[in-house]
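Given next, in structure tokens, is a single chain: the form predicted alone.
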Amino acid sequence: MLVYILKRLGTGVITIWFIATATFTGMHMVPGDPLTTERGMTDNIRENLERQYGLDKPVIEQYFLYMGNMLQGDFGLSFTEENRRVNDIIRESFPVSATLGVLSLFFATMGGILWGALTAIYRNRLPDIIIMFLVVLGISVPSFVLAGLSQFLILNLNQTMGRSILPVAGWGGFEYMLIPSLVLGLSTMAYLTRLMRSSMLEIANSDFIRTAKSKGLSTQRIFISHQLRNAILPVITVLGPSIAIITTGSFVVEIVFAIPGLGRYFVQAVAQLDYTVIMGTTVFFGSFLVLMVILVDIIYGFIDPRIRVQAAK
């Protein structure tokens, strides 16, 4: 198992290096100059700014300077945010995005397991048909459409009740997190529901389920101890990619609901050609997602003994 963990960590380091290199290359291929947006800039001021940001050096030197600073955890200064380091932006805004993401992942995972199990139990009956219809809608409708529609429904609800039941936008207590997290996690919940359903139906026809029935075990015990437990394993496997889906989707949701998260700063940086913020947030998000995928793989290795046997071989 230790060899398996070391291999996954080594693969993760290579992946992060590739993300950082690809981000640096992409930013230098984008047309435009981040310093041309400054008004009243003289040649001396421009030279000082280029020297400060390292833009006066050859590209290869900029790359090694960028990689060296990144290894020290320093993503530099923002081009557009006055006297603010990229590290400070990440430190202040990432907890907001993380809170929204964790809550969304919780709703998506619990909902996916619950609805997937129900559709398998009531296969080809009315609950299965209704839930699968909603699953198709959840997968097909983009998050920004759901976000706008949810705001419209909240506004009508508040007007009907004559008081504010739920906030339309902003960030604060749990009432501010509820609807954005549901909107953000809905597509992932739909995907996990389909995965859980197919896994439950596949396991229902397995040999060990028939053996358990032949031993006279109760239906409830077979469902909880054997069928549900084994059907959850594929869901755990895709939690890593699901984190990536939820995180990238939060960019749109944070803009629509005016949430001061890291995704909002990333979108603003793209619009303003703030290279350091774009590169810093991209590498940070990429590293975080790679770490989550590795963590899920390691947890799955402890849950499923077949991975440990394969690693031992």
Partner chain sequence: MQDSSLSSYSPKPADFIPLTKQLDKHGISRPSLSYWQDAWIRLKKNKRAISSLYLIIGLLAFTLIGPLLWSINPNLQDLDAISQGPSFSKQALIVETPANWGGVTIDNFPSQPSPNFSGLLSSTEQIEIVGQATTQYVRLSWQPVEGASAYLIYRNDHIPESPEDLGLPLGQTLAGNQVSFEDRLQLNAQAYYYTIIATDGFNEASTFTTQQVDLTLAISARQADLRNIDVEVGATVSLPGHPFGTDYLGRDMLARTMYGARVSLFIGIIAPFIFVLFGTLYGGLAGYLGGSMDNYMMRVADFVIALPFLLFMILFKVSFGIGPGENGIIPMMLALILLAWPGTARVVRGQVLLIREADYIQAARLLGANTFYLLYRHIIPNAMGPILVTLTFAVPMAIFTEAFLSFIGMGVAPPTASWGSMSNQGIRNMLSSPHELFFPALFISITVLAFNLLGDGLRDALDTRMRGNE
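Treat the numbers as computed from the prediction; the structure is a model and nothing was measured. Numbering follows the first chain given and starts at 1.
We do not show the form predicted in complex with the partner chain, though everything after this point is about it.
- Stretch-level contact check against the partner chain in the predicted complex with heavy atoms at 4.5 Å: of 85-93, 72-80, 152-160, 112-120, the positive one is 152-160.
- Heavy atoms of F144 reach within 4.5 Å of the partner chain in the predicted complex, making it an interface residue.
- Although the partner is absent from this view, T276 stays clear of the partner chain in the predicted complex, with no non-hydrogen atom inside 4.5 angstroms.
- The closest heavy atom approach of I165 to the partner chain in the predicted complex falls outside 4.5 Å.
- Contact annotation for G148: at least one heavy atom lies within 4.5 Å of the partner chain in the predicted complex.
- Of the residues I232, L103, L201, I139, just one reaches the partner chain in the predicted complex with a heavy atom at 4.5 Å or closer; this is I139.
- Taking L9, I19, I299, M292 one by one, only a single residue has any non-hydrogen atom within 4.5 Å of the partner chain in the predicted complex, and it is I19.
- No residue in the set P127, I130 and T188 has a non-hydrogen atom no more than 4.5 Å from the partner chain in the predicted complex.
- Taking the partner chain as positioned in the predicted complex, the residues of 253-274 that bring a heavy atom within 4.5 Å of it are, in sequence order, I255, V256, F266, V267, V270, A271, L273.
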